[in-house]
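A lone chain, given as structure tokens: the form predicted alone.
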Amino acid sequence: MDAWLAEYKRKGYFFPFRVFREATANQCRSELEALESKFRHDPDSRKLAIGQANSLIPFVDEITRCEAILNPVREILGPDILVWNSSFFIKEPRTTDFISWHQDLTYWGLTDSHEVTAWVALSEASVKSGCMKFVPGSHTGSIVEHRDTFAQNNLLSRGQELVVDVNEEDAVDVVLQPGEMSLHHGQVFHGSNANQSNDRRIGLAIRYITPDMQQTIDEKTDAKLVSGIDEFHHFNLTDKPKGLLDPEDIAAVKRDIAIKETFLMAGADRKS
């Protein structure tokens, strides 16, 4: 077993992997920011693109199929891989936005934990800019209780946070340069602080799962096959984006979101 894989299994994460050159990361960032500029007067479309990136933005779909990313993911999950979702996490400079301590798989409505998240940096992720933090070994237990806060400056959908206390001294800062990525297990405790730097902190989170996983509801959600084969047919396999925010893709994404909200927001009290 490779040393990095043994460390991943022990700690629940590994970083850094260099997946493409910094110049390529800068080009991806430029394409993203051009999209943001194009839709600056249409915040709903911008939000949809940021949150459903691989389904609506062609260059993001290409990133999810990058061999430099898929090769280590295959070492963890095996040859058959789906992308369940991919979204950008952006913190503007000198802002209070943060991500509370949480576990990814808490509300995803999946039947098992055959998942790994690739977090690809398109800008520097430093301690000052609010890089992710992981708690080593926290993936070895089960999903723990979370509470909803719906805090305005919490970038998570329902402001969810762990009920258990996390000792900050146990946390490891996930410092990444543009074009590097980290991999983490869906049950590892992680979060991030506010961006106190003078630049945006931009990361692309790609959620890879194995085809044997399935949703805990009867309806199928969408996924994209990016490696190997799918012998289980638990998800609606969708094609590459037809174009940038193509109307047909948008309609499909909105249908998928409506289904996913039945478990992503299950039990949430928005008045919190």
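In this text, residue numbers run from 1 along the sequence as written. Owing to the predicted nature of the structure, the values given are computational and were not obtained by experimental measurement.
The following text describes the form predicted together with a small molecule, which does not appear among the structures shown.
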Given a 4.5 Å cut-off on heavy atoms, tell me which of 68-76, 197-205, 171-179, 135-143 is the interface stretch with the small molecule in the predicted complex.
197-205
Taking a heavy atom within 4.5 Å as contact, would all three of 102, 117 and 190 count as contacting the small molecule in the predicted complex?
yes
So in the predicted complex, is the small molecule close enough to residue 84 to count as touching (4.5 Å, heavy atoms)?
no
Is there a heavy atom of residue 89 no more than 4.5 Å from a heavy atom of the small molecule in the predicted complex?
yes
